[in-house]
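Just one chain is shown here, as structure tokens, and it is the form predicted alone.
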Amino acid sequence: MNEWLDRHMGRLFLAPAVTLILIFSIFPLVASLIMAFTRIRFSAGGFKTRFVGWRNFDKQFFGSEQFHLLGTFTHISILGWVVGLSATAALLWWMWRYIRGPFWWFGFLGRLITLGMALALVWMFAATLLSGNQFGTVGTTLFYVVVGCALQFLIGTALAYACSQSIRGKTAFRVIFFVPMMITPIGIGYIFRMMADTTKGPFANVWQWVGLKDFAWATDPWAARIFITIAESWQWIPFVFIMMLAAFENVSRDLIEAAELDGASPWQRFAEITWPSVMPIAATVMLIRAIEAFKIVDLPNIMTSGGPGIATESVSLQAYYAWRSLDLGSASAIAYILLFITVVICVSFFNLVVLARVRKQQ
């Protein structure tokens, strides 16, 4: 018995973790995939299921829910055509350059998927945002990802770099900058919803002083998106701050001091030594934040309930609303669409930015 335990001790220790992963990750993933291809109708005493194939996906891309997911495609403006054709030409040239270089079938297949996703998103925005049409939850989610992550990275990195220098009170600043991560998203949503109230909020006098007394931000699509982005940035800047602070503090001080003795300016020291040293960590931080930003659901739900209309509704929130209305098939299909978009964009970013940088350094 003791010999058997010694031989299988590794498997026995791993068994609880593997079991939990199977129960809480693998099984829901497979179950939701099955539901994405079925139509579930609840009735007294149970429910009925019927296999419908790709209809749940077809409804989102080409059917009655197309406007909800992708936006309204009525016409493409001249600006949309110019931007769309220019971006298409640039993407095709990028693909042609890869084909003419060292060719690898697996790499070609991955770039082909990236090309298809990029072209779809370019023409989606050309037909909606650049043509005066309403874009759907995919466009709104990408707005949160691109604008929100960029804002969080710039502010978080700047604060981290400042706190990595020899300044008075930097320990206190580190604690203060980290506080927002200790607040729940629900609390942050209600805090910013209250602060943005131009009539009864704590900053009502300030809003009135700048001439926004009668401005209802929740009824303006872009104002609502911007307020949600600011709230999310306030929540996640501490994450970028603490990661980049660790990266800055691990930069070799000997190299910095040697460059300073050689007469290099602060900007030269940052551009030539500090930034190349922290670039891999910065790319990883952006990748992690992008993955989390694609799943944003709490702040739009709390602050605007996805409104006005669907202007601030993310893909995750759309799936949640579908699930709440007991349309489990559509909710699962939307979730898998988001999964596909997230995987393609994040894997493309990792391969084309992170790995490309590592290869250059080697």
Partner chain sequence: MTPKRSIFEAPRIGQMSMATKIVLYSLLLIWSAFVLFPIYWLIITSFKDAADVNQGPFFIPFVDYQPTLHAWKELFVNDYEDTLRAYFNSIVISLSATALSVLIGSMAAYALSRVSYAPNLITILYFIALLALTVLAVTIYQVDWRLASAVAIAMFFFLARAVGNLYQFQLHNGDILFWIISQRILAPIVVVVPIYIMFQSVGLLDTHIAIIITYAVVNMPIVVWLMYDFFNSIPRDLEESAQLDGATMIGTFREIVLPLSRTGLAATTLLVMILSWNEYLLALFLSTSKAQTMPILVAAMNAGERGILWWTMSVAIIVMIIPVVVLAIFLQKYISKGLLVGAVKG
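Under this definition, the rigid core comprises the largest set of C-alpha atoms superposing within 1.5 Å between the forms. Keep in mind that this is a model prediction, so the values were computed, not measured. Positions refer to the first chain, counted from 1.
The same protein also has a form predicted in complex with the partner chain, omitted here; what follows describes it.
Listed residues A120, A89, L109, I291 were compared with the partner chain in the predicted bound form; I291 is the one with a heavy atom within 4.5 Å. Considering the partner chain in the predicted bound form, the lone stretch of 218-226, 162-170, 70-78, 89-97 in range is 162-170 [heavy atom distance within 4.5 Å]. In the predicted bound form, the partner chain lies farther than 4.5 Å from every heavy atom of Q134. Not displayed here, the partner chain is kept clear of E65 by more than 4.5 Å at the level of heavy atoms in the predicted bound form. At the 4.5 Å threshold, heavy atoms of G187 reach the partner chain in the predicted bound form.
At a distance threshold of 4.5 angstroms between non-hydrogen atoms, F177 is in contact with the partner chain in the predicted bound form. Within 4.5 angstroms of the partner chain in the predicted bound form, the stretch 319-340 places a non-hydrogen atom from each of A319, Y320, W323, L328, A335, Y336, L338, L339, taken in sequence order. Once the rigid core is used as the reference frame, the Cα position of L339 differs between this form and the one not shown by less than 2 Å.
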